[in-house]
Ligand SMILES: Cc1cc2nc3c(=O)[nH]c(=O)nc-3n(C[C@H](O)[C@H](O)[C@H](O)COP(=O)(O)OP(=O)(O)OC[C@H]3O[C@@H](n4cnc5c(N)ncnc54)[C@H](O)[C@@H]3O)c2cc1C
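Take a look at this one chain, the form predicted on its own, written out in structure tokens.
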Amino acid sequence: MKPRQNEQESSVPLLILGGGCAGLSLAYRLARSRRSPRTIIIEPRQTYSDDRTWCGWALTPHPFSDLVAARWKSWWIHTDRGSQHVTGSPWPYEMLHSAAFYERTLAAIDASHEIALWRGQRVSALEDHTDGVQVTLESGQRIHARHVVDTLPRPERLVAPWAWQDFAGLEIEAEAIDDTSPPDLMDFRVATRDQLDFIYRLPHAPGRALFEWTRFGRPASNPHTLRQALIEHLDTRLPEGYRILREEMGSLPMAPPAATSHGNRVVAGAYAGSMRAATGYAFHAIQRWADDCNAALLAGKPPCPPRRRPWLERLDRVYMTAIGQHPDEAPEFYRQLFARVPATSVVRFLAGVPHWRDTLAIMRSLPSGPFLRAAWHSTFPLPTQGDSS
């Protein structure tokens, strides 16, 4: 029986904190099974909107592939020193609107007899017990859960070498947009010597494209500032005019997990290891985790956290250190990566599942001086002051 929200006290085998990409991805899989444990999802928002666009490479199948709005077999990387047209990837770059994802997952949850989504609710306290976790909501309601999967974002202060990925995006309509041209994955020609910015252009339908202004930096930037920069860019790029169809903006931490799983609590999602610190891609990693976690739960086992690769996290630290020490050279780091390494290896690396040969090819492609210094600095960091936000 679906848990009811008006009960003062509830007890369920599984509680999911956060009904975003990670929480809904897991709940959707559970909702499709007759063996799903009784589950409550706690979500602060009351309504969902088309507030995100998720992109990346589907190295393994996922249940939302038919919702993909566009796929591209090639893409461009631009810097002030040149452009690289990337071809040869066996996995196309794909784009998925959050509205379609929300519609499908929420419908499955609504139809489930075992899973309930409680909207407009926030957690005020969690207390660990030997037989589970006691969760108190701001409304005063209490829920006892045998297991908790926590996918909530965790605002945090970042210290070097980690940075924020801030973005502001506009989906626009204009006659000048050619949807047959490959997308610009990174156009660093808007970057400055001290600020690592790039434009993201995804032409996905006749006369329609998503443009995003993205910034890697610390402290976090105001996304509204990036939106204004994007407006000025589009005004120059499309002088004949354009129409804004929708907007999105946000900030994501390019950093290791902010919390770790313990006891009967599992942390998951973009803030818990699914997002690569050096790349910012999360959607497909979340789908791989949701497959694993769903399989564990349906087998009667505890939920599992995202798989972590410590060696890859150490490599991300070196990469982010090099970017922080050489922001003026960082655009070329990315372009040369695609220019010198086969697309198959680069895509696996960016997706977070590289083979050892891929990693070796990546390391050989990068300039030795900056990255050797970054590796030394990562191993023997110097004390920093005032370098967090």
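Numbering starts at 1 and runs along the sequence shown. The structure displayed is predicted, hence computed values, not measured ones.
Here the subject shifts to the form predicted in complex with the named molecule, a form of this protein not shown in this document.
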With a 4.5 Å heavy atom cut-off to the named molecule in the predicted bound form, the contacting stretch among 141-149, 267-275, 77-85, 313-321 is 267-275
The listed residue (A209, L297, I286, A163) that reaches within 4.5 Å of the named molecule in the predicted bound form by any heavy atom is I286
Checking G263, G250, P302, G241 against the named molecule in the predicted bound form, the residue with a non-hydrogen atom inside 4.5 angstroms turns out to be G250
Is it the case that P153, even though its partner is missing from this view, gets within 4.5 Å of the named molecule in the predicted bound form, heavy atoms only?
yes
Next item on the list: Evaluate Y281 for contact with the named molecule in the predicted bound form, applying a 4.5 angstroms cut-off between non-hydrogen atoms, and reply yes or no.
Entry: yes
Contact of D51 with the named molecule in the predicted bound form (heavy atom, 4.5 Å): yes
**OP:** Using the partner position in the predicted bound form, report whether E43 sits within 4.5 Å of the named molecule, counting heavy atoms only.
**Re:** yes
Residues in 104-122 that come within 4.5 Å of the named molecule in the predicted bound form by at least one heavy atom, in order, are Q121, R122
Distance flag for D194 and L158 (Cα, change 3 Å or more) in the predicted bound form: the two residues are farther
Checked in the predicted bound form: CA of G18 to CA of R157 differs by 3 Å or more, atoms lying closer
